[in-house]
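Quick heads-up: it's one chain on its own, the form predicted on its own, in C-alpha cells.
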C-alpha cells in the first residue's frame, strides 16, 4: 500500500510540475462546457425573413406586423419584387421569403382560400423544415385571430405554399457531405503538419536540418508544400467521392473552388505549425490538435446554424476559418455562387492564412533557437 501511495504522490507531483496539464484538465474543459453548452441547440432561431407585399391592404400589413414582432424571425424588411427577394436568398442574406399575393384580402372576404407563397433556403434541410413549421403556425394563428375577432369571414383558410431553393427534397446529404469534405481537410492537414514536425524534433533530424545551408524560411516552405499537395489530393478524392457515391455534383466553378481550398489550407498549415511549437511529443501534438478541432467543428455552423447560437458565441465564430470555408463549400457546391459574392470569405481566409503561417513560423524559429 505504501508503494502505491508513493507512486500516486509521484504522479501528482509530475502533473503539478507540468503547467500545460492544468490548462488541459481544468481550463479547456470549462471553456468547452461554457461555449459548447450555449452553442449546441436544436432550436432554430433568428430566421432572417423578407416579405413581399403585393396586396398593400390592412390584412397584409397585419401579417407583416405579426411576423416582424416575433423574436424567432429576424425581419429584414420588405422587398419590392419577388426577384429582389430571391436575390436576398441567393446572397445568403435571407433564409425565408413570404410573398403576400395581390387580392389576398379580397379573396378572404369572398370566402376563398388565398395563399401565402413561402420561399425557403433549403441547404440546411432540418432548419428549412422547422422554419416552414414556424411560418405555417404563425399564419394559422393570424387567421384564427381574424376569425375570432370577426374581422374577416374566413371560411376556406389561408394556404401556405412552400418552395425550397437549392435543395428541393431537403436531402441532408447535400448539406453534410460538402461540410464533411472541409472538415476532413482540416483534420488531415493540421494533424499531419503538427505531428510531422514534432516527430522530426523527437528524432533530432530537425536540428540537423537547421545546421545545413537551408534557411529558416526555406525550411518552412519546404514543410508546407508537400502537405499542400497532399491536401489538394485529399480534397480531390473528396469531391470525386461526393459525385460518384452520393451523386452530388459541384454546381459552381471548379477553379474558384480550388482557389478557396488553397486559401483554407494556408490556415490549417499555420495551425499545424503552431501546434508543433507547443507540443514536445507526437501524442501531445495530436491531443492539442484534437482538442482545438472540437471548438473549430462545433463553432463552424456544420452541425448547428450559427444564427441559432447566442450572440457572444456568434462573435467567437468569426475567428474560426472553418466557418468561412464551409460557407464557401456549400455556396459553390449547391448554389453555384460566383466569386463576386464570395470575395469577403476569400479575403478573410487569405488574411487568416498569412497571419497564422507568419506568426507560427516566427514562433517556430524562436523555439528552435
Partner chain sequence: MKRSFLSIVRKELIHIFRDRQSLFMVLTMPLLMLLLYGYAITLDMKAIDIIVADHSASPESRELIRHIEATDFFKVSVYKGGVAHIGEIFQNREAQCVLEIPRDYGETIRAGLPVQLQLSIDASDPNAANFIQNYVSRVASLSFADQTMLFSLEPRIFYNPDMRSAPFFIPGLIALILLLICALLTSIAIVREKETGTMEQLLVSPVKPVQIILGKVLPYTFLGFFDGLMILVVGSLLFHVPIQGSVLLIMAMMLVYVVTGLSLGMLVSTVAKTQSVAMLAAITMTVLPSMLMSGFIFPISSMPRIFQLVSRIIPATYFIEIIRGIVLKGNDLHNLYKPASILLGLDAVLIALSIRAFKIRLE
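Quick caveat: nothing in here was measured; it's all calculated off a predicted structure. Numbering follows the first chain given and starts at 1. Definition used throughout: the rigid core is the maximal C-alpha set that superposes within 1.5 Å between two forms.
The next section is about a form of this same protein that is not shown, the form predicted together with its partner chain.
- This chain is drawn without its partner chain; in the predicted complex, the residue among 196, 218, 253, 159 with a heavy atom within 4.5 Å of it is 159.
- Only one of 227, 104, 73, 274 comes within 4.5 Å of its partner chain in the predicted complex through a heavy atom, and that residue is 104.
- A residue is said to contact a partner when one of its heavy atoms sits within 4.5 Å of a partner heavy atom; residue 163 meets this definition for its partner chain in the predicted complex.
- Although the partner is absent from this view, residue 341 contacts its partner chain in the predicted complex, with a non-hydrogen atom inside 4.5 angstroms.
- Heavy atoms of residue 265 never reach within 4.5 Å of its partner chain in the predicted complex, leaving it off the interface.
- With a 4.5 Å cutoff on heavy atoms, residue 46 counts as touching its partner chain in the predicted complex.
- Contact here is defined as any heavy atom lying within 4.5 Å of its partner chain in the predicted complex, and by that definition not a single one of 78, 212 and 234 is a contact residue.
- Counting a residue when any of its non-hydrogen atoms is within 4.5 Å of its partner chain in the predicted complex, the hits in 100-126 run 104, 108, 113, 114, 115, 116, 117, 118, 119, 120, 121, 122, 123, 124, 125, 126.
- The rigid-core alignment places the CA of residue 134 2 Å or more apart between the shown form and the other one.
- Once both forms are fitted on their core, a CA shift of 2 Å or more is seen for residue 41 between the shown form and the other one.
- The two forms, fitted on the rigid core, differ between the shown form and the other one by less than 2 Å at the CA of residue 243.
- Note on residue 123 and residue 293: their C-alpha atoms are more widely spaced in the predicted complex, a change of at least 3 Å from this conformation.
- Here's the thing about residue 170 and residue 71: their CA atoms end up at least 3 Å closer in the predicted complex than they are in this form.
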